[in-house]
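Coming up is one lone chain in structure tokens, specifically the form predicted on its own.
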Amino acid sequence: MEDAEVSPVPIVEFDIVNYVYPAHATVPQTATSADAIPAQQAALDAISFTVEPGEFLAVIGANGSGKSTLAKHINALLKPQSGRVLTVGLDTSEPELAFEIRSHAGMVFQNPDNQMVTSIVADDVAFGPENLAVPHDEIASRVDDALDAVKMTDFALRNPAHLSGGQKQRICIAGVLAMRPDVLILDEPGAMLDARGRRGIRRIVRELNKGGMTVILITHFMEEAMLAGRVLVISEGRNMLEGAPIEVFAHKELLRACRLDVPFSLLLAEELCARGIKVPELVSPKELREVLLCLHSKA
């Protein structure tokens, strides 16, 4: 008799998680005042979901919806007041596991300047592995691999202070990759970047996921969420909707009620359909581009 196939353990598991900021709470340094959650409001309200190995999950929500609070629970920066969070099977409520959890769950924040610790790019990327007591020779190899993954090898000896915002954010991602995490968590990585910088980060994140990296992207850019395999919508700390991007963005009224926009590509497809131009209503940006190019060639 053959052994039954064993299902992989989820990389991340939230089980009815609740969290309320205390009355004296202040805005975390990694968050902007616009993203602050009012004291004593439920930042997370009975949130439950899982992330499987190799997944690309986008978490979307309006300012103050609890996105960043959710992200900080994954690597034990915050601990649930009730419910349970497991990261690679480890309970984030156990203080003695915090260091190990953070070695498995790498996090990149909004402002890259807050994550830079040295004046040389390669040294900055090496900082994390050094704190994990990785042997020196292996650190050098990890730094090379991480910089190559984010297309920043030629900048290894540069001063991070002289780089663009997008380049700095790539270095921050490289610093996390050098620790060889099981899951990469990006908390609004494009919030402080221009459109070009955001496009660069999107390309890097997609390539990392295609290479097998589990990715959790916290974002308020709907076009970024369209690139994920699955989208989780939260509002006022609650899980409102979950599914493939095309399925989630079909619920336009619910999204608007959650103070979220619908991706421009879907709005454009909707307008074209209203004008008698046959376009699938739930078209992806890539598919819409192909449709428009086809229409243009026939004009």
Partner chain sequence: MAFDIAIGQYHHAESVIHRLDVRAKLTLLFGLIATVFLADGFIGLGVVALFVLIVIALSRVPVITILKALAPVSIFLLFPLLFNTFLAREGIEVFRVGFILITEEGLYKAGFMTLRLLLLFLTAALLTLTTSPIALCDGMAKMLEPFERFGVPAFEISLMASIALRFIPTLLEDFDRIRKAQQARGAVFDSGGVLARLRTLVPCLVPLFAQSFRKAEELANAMESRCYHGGSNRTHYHEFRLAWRDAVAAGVCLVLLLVMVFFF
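What you see is a predicted model; the values in this text were computed from it and never measured. Residue numbers count along the first chain shown, from 1.
Omitted here: the form predicted together with the partner chain. The next part is about that form.
Among heavy atoms of D182, none comes within 4.5 Å of the partner chain in the predicted bound form. Although the partner is absent from this view, R102 contacts the partner chain in the predicted bound form, with a non-hydrogen atom inside 4.5 angstroms. Proximity of V85 to the partner chain in the predicted bound form: non-hydrogen atoms within 4.5 Å are absent; the residue sits far from the partner. Among heavy atoms of D124, some come within 4.5 Å of the partner chain in the predicted bound form.
Proximity to the partner chain in the predicted bound form, defined as a heavy atom within 4.5 Å, singles out one entry of A225, V134, V215, I204, which is V134. Contact annotation for 61-99: residues with any non-hydrogen atom within 4.5 angstroms of the partner chain in the predicted bound form are K72, N75, L77, F99, listed in sequence order.
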